[in-house]
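As structure tokens, one chain now follows by itself in the form predicted on its own.
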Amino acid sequence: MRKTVFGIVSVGLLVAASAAVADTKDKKIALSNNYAGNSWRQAMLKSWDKVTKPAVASGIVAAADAYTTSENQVTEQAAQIQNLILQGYNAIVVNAASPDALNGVIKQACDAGITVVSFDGIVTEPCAWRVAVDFKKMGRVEVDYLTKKMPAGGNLLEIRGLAGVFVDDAIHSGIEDGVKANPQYKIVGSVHGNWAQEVAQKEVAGILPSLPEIKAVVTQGGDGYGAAQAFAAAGRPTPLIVMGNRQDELQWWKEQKDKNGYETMSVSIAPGVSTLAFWVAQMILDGKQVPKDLTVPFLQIDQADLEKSLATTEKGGVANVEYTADDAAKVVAGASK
């Protein structure tokens, strides 16, 4: 089953009337993004524009500008955020290069009276808000799935994301916990695929000659198709590869399913979480009480819903959900209980 918050599986209303309040019509919100080198980040930025442009046009906020650094470097993003402080933004929504290395500049923003909402790559600075999925649980879910599909266990290859980023560490930790609880599995190789198909394919191809038989590949998203291509090029049997909701992964999965009944699952955070962070920032600027930590479910696609999910995912894109102001209010209400 394809699972997501509130059961939403397609783009809903982009602007909710309840958000159109006078208190934020003069407020400016900026997005600080540290990286755009894969399909998930591109989809995240596209979702931001899709939701924020109508919000600006309808007068809910005065601006919702997006900025992306040219390199995934903490120093560059810190300089970017300092510029946003000087430009007078009322709120900054941050997808952070590091959970703690940006805390100094985040605190500077807060001290200047700026609301800071981090998402996906969240920050630990107490003055900021955090919008994220339980990435550790997401990693554990992958291993739990393997225990049902291949209870006898076997050797695993782990493909990680961007080194040093909170998301990578959290998913890896969940996978590690799953393997510790199920010692019939053994991680015999690990590479960083940077959540990008081309990088994952190259890194997997480089490590495969040194690895024994691989029963399954645990991943973080954006790397499943690249892994499949590397195994095929090496002439090795295709293992069970956990996918990450990218269109090329879903397309490859369907082709294999039609050909030989290939079974797997796919899981990732929806790129549209950037839009949830936007509405959270707007709510805070509007004077609403919002808990510092908000958790939304990850988006999981199971075997039975593969075709439906693929049909609604654009070529080169990622299975996605975009959020409304009402969705954000429900998330906040749930966290406040």
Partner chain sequence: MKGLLSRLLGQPWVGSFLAAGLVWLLAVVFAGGHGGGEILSSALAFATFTVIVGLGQMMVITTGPGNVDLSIPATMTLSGVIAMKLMDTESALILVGIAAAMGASFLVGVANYGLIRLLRIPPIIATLSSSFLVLSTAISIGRGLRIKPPAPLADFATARAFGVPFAAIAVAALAAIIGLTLKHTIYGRTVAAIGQNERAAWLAGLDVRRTRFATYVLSAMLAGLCGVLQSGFSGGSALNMGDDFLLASIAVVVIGGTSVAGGRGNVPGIWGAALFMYLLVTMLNIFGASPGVRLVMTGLIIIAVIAVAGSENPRRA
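Residue numbers count along the first chain shown, from 1. In this text the structure is predicted, and so the values were computed from the model without any measurement.
What comes next is about the form predicted together with the partner chain, which is not displayed.
- Item | the partner chain in the predicted complex: contacted by all of 65, 274 and 298, heavy atom 4.5 Å | No: none of 65, 274 and 298 comes within 4.5 Å of the partner chain in the predicted complex.
- Task: Heavy atom within 4.5 Å of the partner chain in the predicted complex: which of 228, 191, 106, 167 fits that? Just give me the one.
- Result: That would be 191.
- Answer option from 34, 52, 38, 268, heavy atom within 4.5 Å of the partner chain in the predicted complex: Checked against the cut-off, the match is 38.
- Task: Spell out, yes or no, whether the shortest heavy atom distance between residue 70 and the partner chain in the predicted complex is within 4.5 Å.
- Result: Yes.
- Message: residue 163 versus the partner chain, in the predicted complex: is there a non-hydrogen atom within 4.5 Å?
- Response: Because a heavy atom of residue 163 falls inside 4.5 Å of the partner chain in the predicted complex, the answer is yes.
- So in the predicted complex, does any heavy atom of residue 201 sit within 4.5 Å of the partner chain? Residue 201: contacts the partner chain in the predicted complex.
- Message: Quick check on residue 237: any heavy atom within 4.5 Å of the partner chain in the predicted complex?
- Response: Residue 237: no contact with the partner chain in the predicted complex.
- Query: Can you say which of 117-125, 83-91, 96-104, 209-217 gets within 4.5 Å of the partner chain in the predicted complex, counting heavy atoms only?
  - Reply: Careful reading of the contacts points to 209-217.
- Message: For the stretch 227-256, I need every residue with any heavy atom inside 4.5 Å of the partner chain in the predicted complex, listed N to C.
- Response: If the 4.5 Å heavy-atom criterion is applied to the partner chain in the predicted complex, 227-256 yields 229, 233, 248.
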